[in-house]
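Only one chain comes next, encoded as structure tokens, the form predicted alone.
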Amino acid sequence: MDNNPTSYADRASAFADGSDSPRVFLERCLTTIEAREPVVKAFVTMNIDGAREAADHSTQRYRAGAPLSPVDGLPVGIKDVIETQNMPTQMGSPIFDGWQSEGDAACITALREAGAIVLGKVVTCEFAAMYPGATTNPHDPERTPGGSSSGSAAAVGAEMVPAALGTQALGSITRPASYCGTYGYKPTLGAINRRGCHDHVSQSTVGAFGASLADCWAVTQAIASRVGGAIGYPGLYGAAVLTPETRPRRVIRLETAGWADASGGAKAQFEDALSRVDAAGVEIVDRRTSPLIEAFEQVIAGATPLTRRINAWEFRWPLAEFYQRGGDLMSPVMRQRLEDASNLHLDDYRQGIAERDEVRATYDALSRIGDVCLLLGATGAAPLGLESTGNADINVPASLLGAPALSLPLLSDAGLPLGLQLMGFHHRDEDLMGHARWVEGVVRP
């Protein structure tokens, strides 16, 4: 089990023996929110009365020895592109100020059935894209928390909640997790049901931020086991409880797009992590020792422009609808994105899909030579300023590939958090978690 004191998974035995309770845990979260929210600005809206009522019911279930699931009583923040019946879903845009759907998204329905506490909605960049909201980095308010799941990462990084839902189509989970010093988990594409989630592109995946690996896994498993995956996908494979650590047979070192832009400090931290893996007796392979890895790094080099081209075509019609609702309230960045998308043609999109299929096939071949890939979680520490969410190039490959990815808060750069990114293979998320636990034990100072 992970040893982070804010991890909800760590408290299961205390809830069972009565030395702690979900209601007391919630009150600790609310105290932290009261102290830190004025600066971090992670939340859009909260349902504190409802959360306390739910925590009381959860406490009663633990006392009766009948919790509903490993996330029973867990306070969770919800990215504000995911529909919640009792709170607005405003998508980071004044166009949808106060907008509220008539029901919960599938993932919210599942969390409620599992006993989790939907505490509040957290800030997203405009339409889960690039234009940032007001959230600041919990480790330095002058720096970005990343995006687009900015409030999700900051809320967990500030220890306001032990878990939060996010989405990722480029780098919207693993990059802010790296910047904010949290665990971030992007499951295999389609592993989590996306109904009611307004992140409108084919590469988007619902995932989790957590105070521990166990929290991330428990949240996503609670969802998938109740509502399955996206339509046409088999859903998330694995047991409800986090798998034990698993020593990888071989580790693949990747230097994808973004590596050239990484800071010297980030690269040094990455090399140190690899040296610890090597010292533990696990073989590391890279492009210098494997033609398959060299071929993959060549085809993945254009991951960001390819992803943006595919996303632009797919997001064109939702954006056009949003513009009709209130184009004067749309950011200049988003208006330009709509204009650029309008210049694309169906053949451009078809070509992009064909290229993406080719890249995915090349990546699948790597599973024959290694169990897990290691990359930096970001190009460096969170950059100064709140006008940008940072460089996502090093995070985009996992999204383009539809592969599961994790950011582990194991490294640092310039005295600030930096994640170590692990990328696995399709539908082998449970294996990725097991390897991550082993890597964490080896790399953590």
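When you see a residue number, it is the position in the sequence shown, counting from 1. For clarity, every value in this text was computed on a predicted model and none was experimentally measured.
A second form of this protein, the form predicted together with a further copy of the same chain, is not displayed here; the remarks below concern that form.
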- Are any of the heavy atoms in residue 87 no more than 4.5 Å from a heavy atom of a further copy of the same chain in the model of the complex? no
- So in the model of the complex, does any heavy atom of residue 349 sit within 4.5 Å of a further copy of the same chain? yes
- With the cut-off set at 4.5 Å between non-hydrogen atoms, does residue 235 touch a further copy of the same chain in the model of the complex? yes
- Query: Do residue 329 and a further copy of the same chain come within 4.5 Å of each other in the model of the complex, heavy atoms counted?
  - Reply: no
- a further copy of the same chain in the model of the complex: contacted by all of 202, 314 and 321, heavy atom 4.5 Å: yes
- What is the one choice in 72, 126, 371, 104 with a heavy atom within 4.5 Å of a further copy of the same chain in the model of the complex? 104
- Query: Of these, 356, 121, 337, 143, which has a heavy atom no more than 4.5 Å from a further copy of the same chain in the model of the complex?
  - Reply: 356
- Message: Just to confirm the contact call: exactly one of 253 to 261, 180 to 188, 306 to 314, 240 to 248 touches a further copy of the same chain in the model of the complex at a 4.5 Å heavy atom cutoff, so which is it?
- Response: 306 to 314
- Message: If you apply a 4.5 angstroms heavy atom cut-off, which residues in 207 to 229 are near a further copy of the same chain in the model of the complex?
- Response: 224, 226, 227, 228
